[in-house]
Structure formats: structure tokens, C-alpha cells
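Presented as C-alpha cells, the chain that follows is alone, the form predicted on its own.
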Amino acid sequence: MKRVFGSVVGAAMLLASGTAFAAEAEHPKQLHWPFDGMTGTVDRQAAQRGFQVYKEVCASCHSLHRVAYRQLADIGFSEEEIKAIAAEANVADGPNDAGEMFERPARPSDRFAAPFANQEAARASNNGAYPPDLDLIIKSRHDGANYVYSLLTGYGEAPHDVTLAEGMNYNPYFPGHQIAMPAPLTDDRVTYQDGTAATIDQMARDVVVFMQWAAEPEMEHRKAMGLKVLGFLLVMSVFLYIAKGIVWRDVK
């Protein structure tokens, strides 16, 4: 997903230099997500497909430095699958006995390997823009899930009254309606292992589910605990109400 969301930095630089865009971003499309609400859960099949989109499209520029490979077990990957996924990446380790750093295949306990060695290398490969880490992108944007989905599916031809700056693309869901990131998704950009049709809409939905999980892997546990606490408080309230009636029944 070349320069996904990294163009935010580029837009900020343009604004700082006095090239401001007056158009405000359109309100994101409103979708129903499986993780919405008090009883929301992670759609594990969608999350696995979303991981495939991240791996094949986004990971060339964007990291998930807070997520470890072994956490993929939470969305249904087996231990052997996780080992194979991790082994495809190399991570820095060391120093060795000679005091030198070295690279080795990643292990399940390692965090996702970053696509660039440092921020300077990332900027050099993206025309000065720094592709941000995506593990909290859903939480760091207002109406994050809907915003990311709308941005990924919102590319189109610019209206006749809009003049795009050089290297910019039209997207009404991005502030100013001009974004440096080219459309990252095209139909059949990936071939889903479960046979699902890889339309732009489907890939955008799936990668949002995956990024929501990455942003909050403990979501299901938190919501389950919250429901238990609410249930306890409800039952306790009933008992306290009954106890109050018993204690004060002789008092007029």
C-alpha cells in the first residue's frame, strides 16, 4: 500500500509552505462493522484476509511495530502457519560473539519486521513522506474504521473545477481532496486463499477488520469483562434494593 496514510505528512508540509486546500474532507461512509457495539467481535476470517492484504499490499511501506507474529493466533492462525509467516521476514539481532549485529529469520516472538531500516530510509523511498505505522491507525483517526475504508475506496477522477497539484490524486475523504498516495487497491490485487472475490470493497473491509484487531487485540476480552461487570452491578443493585426495603420497612 504505497505511501498509505504517509501523505498526511506531505499535506502538512504543503500547508506549512502556504499551499492550502480549502475543501474539507467529506464525512466518511458509515458501515456496520462486526466489532461495533458492546458485543462486537472480531470476524476472524475477514481478519485473516485483511492480514493477507496488509502483507501483500501495505507491508512494503508500513510497519506494525507493536504487533508480534505470535499474536496472529488470536485471529485463527495455527502455530505452524505463524512460524512460516515469521520466517519469511528477516530481523536484526545481536551482537554476536564478534560484537556485530546480524540478520536472522524472524520468530513468532518477534514483532512484525519493519520495511525500512530507519525513518530516513523510509522518507527517501517515498518522496520525503514518512509512511506511519498502521497498528494504531484506526484509533488515531476520528471514526477510524469508516475513515480508513472511505479513504481506500474513495479514489476517483477529479471534478472539472478541481486542479490537482503535481503528483497528487483526488480523494474527497482526505482533507483538501488531494492526496499523494496513489490508489493502493485494485480489483484482484490479491488472490484470497479462501476463494473470496478480491474486490476493492472486500479488500478495504477486510484490511480495516485486521487493523482494528491490530489496534486493540484485547477488545473481545475487554468487552466480555465489561458485560460481566455490568451484570454484576445489575444483580447487586437488585439485592441492595431488596435489602433497603427490609432494613427500613418498619420506618415510616
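These figures come from a predicted structure and were not determined experimentally. We number the residues from 1 along the sequence you see.
There is another form of this protein, the form predicted together with heme C (HEC), and it is not shown here; the text below is about that form.
- Shown alone here, residue 215 lies farther than 4.5 Å from heme C (HEC) in the predicted complex, counting heavy atoms only.
- In the predicted complex, heme C (HEC) lies farther than 4.5 Å from every heavy atom of residue 112.
- Under a 4.5 angstroms non-hydrogen atom cutoff, heme C (HEC) in the predicted complex lacks residue 199 among its neighbouring residues.
- Among heavy atoms of residue 184, some come within 4.5 Å of heme C (HEC) in the predicted complex.
- Contact with heme C (HEC) in the predicted complex, judged as any non-hydrogen atom within 4.5 angstroms, is confined among 57 to 65, 221 to 229, 37 to 45, 24 to 32 to 57 to 65.
- This chain lacks the partner; the member of 106, 145, 75, 180 within 4.5 angstroms of heme C (HEC) in the predicted complex by a non-hydrogen atom is 180.
- Along 132 to 161, these residues reach a heavy atom to within 4.5 Å of heme C (HEC) in the predicted complex: 132, 134, 137, 141, 147, 148, 151, 152.
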